[in-house]
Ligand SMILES: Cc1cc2nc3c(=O)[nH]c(=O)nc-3n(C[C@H](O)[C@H](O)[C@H](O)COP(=O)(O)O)c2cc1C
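There is one chain below, alone, in structure tokens, taken in the form predicted alone.
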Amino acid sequence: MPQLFEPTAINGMVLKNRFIRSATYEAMAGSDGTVREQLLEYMAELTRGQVGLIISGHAYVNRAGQAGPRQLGIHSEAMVQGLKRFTSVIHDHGGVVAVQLAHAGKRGIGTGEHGAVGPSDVIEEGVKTASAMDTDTIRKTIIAFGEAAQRAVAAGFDAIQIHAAHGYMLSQFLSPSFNTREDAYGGSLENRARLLLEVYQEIRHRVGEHFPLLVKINAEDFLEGGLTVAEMVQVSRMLADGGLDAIEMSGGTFESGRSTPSRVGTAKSAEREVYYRTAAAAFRQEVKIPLILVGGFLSYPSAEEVVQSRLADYVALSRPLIREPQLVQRWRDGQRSKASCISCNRCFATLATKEGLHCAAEKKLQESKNPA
């Protein structure tokens, strides 16, 4: 029976346990995407918490792909030296780390020649806010992912994750809710999946078959006309057939109402903690590569049940580690009470502060205990 605290390997990358820090935007990089001391200190703290694998916050592969201010960049050679410091601080504390390669698509914050692009034009209140990518832009974007992957290897990352979830660019191409193209990149699922597969193939060609590659994908979009569970399974099978090493399953987009990737409100039962249980079971029936499951985990019994029942191979955490970077170590040491995260999503508001990502609820609690 698989156990949470046992070593495993993904294409030669050894993880000390089955807990993974899911990619989380930190807003701690420089304005140009470079690594800053604040980010290094944050990564060191996470690593000391004994999480099995850390996945970086989404790193943009070109300037049109930047999703937010002070986001980590991997878009130029100038980023590599800082990224070497990023990986070193994690390795020095005994951890392993993957970088998440991402492109914001229609959610890009760039202007001019680096303006937002996506599968289709986006018109909001009569104004075009994103432009449909032509085939030349698509090809250049695929190359940008490949070059970013080579920088990741040079910087010492142990693995790469391709971000194809949450309504960012690759997710937009997968979803008929966003993708209304009529060419080879739109229409049928095979066409909508084409860009993700080409990005994966470009990266695999550049890093080789023995370097761990992961993809993060939506279980479904929770949108009318969006990606479905059945389509997710088919795309996952395409990736697995192409040699992908593992998939992380999440779900939802910024437009998905209550079914956004980070849902508000503390889960009241083990069933509600595991957002994508049904989708994971469907995946297991068809796809044989390791599954990383994220979505609402707050209690040790839920994580244990998911792994021991083989619903998933790994449990990924995001918000609980914002409040408790030492959560995995606490559970490992036998203190198995529920995570203190209350799923209030106030952490997202902290991204606009100079401190970057932190738990606003915990900060308020500590300030009440230690008034100035």
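Numbering starts at 1 and follows the sequence shown. Just so it is clear, the structure is predicted and the values come from calculations on it, not from any experiment.
What comes next is about the form predicted together with the named molecule, which does not appear here.
- The chain is drawn here without the named molecule; in the predicted bound form, the stretch among 141-149, 89-97, 288-296, 119-127 whose residues come within 4.5 Å of it by any heavy atom is 288-296.
- The closest heavy atom approach of residue 68 to the named molecule in the predicted bound form falls outside 4.5 Å.
- Of the heavy atoms in residue 250, some are within 4.5 Å of the named molecule in the predicted bound form.
- A residue is said to contact a partner when one of its heavy atoms sits within 4.5 Å of a partner heavy atom; residue 262 meets this definition for the named molecule in the predicted bound form.
- In the predicted bound form, the named molecule lies farther than 4.5 Å from every heavy atom of residue 52.
- For the options 339, 347, 311, 40, the residue carrying a heavy atom within 4.5 angstroms of the named molecule in the predicted bound form is 347.
- Put simply, of 46, 29, 322, 328 only one has a heavy atom within 4.5 Å of the named molecule in the predicted bound form, and it is 322.
- Residues 24, 25, 57 are the members of 24-57 with a non-hydrogen atom no more than 4.5 angstroms from the named molecule in the predicted bound form.
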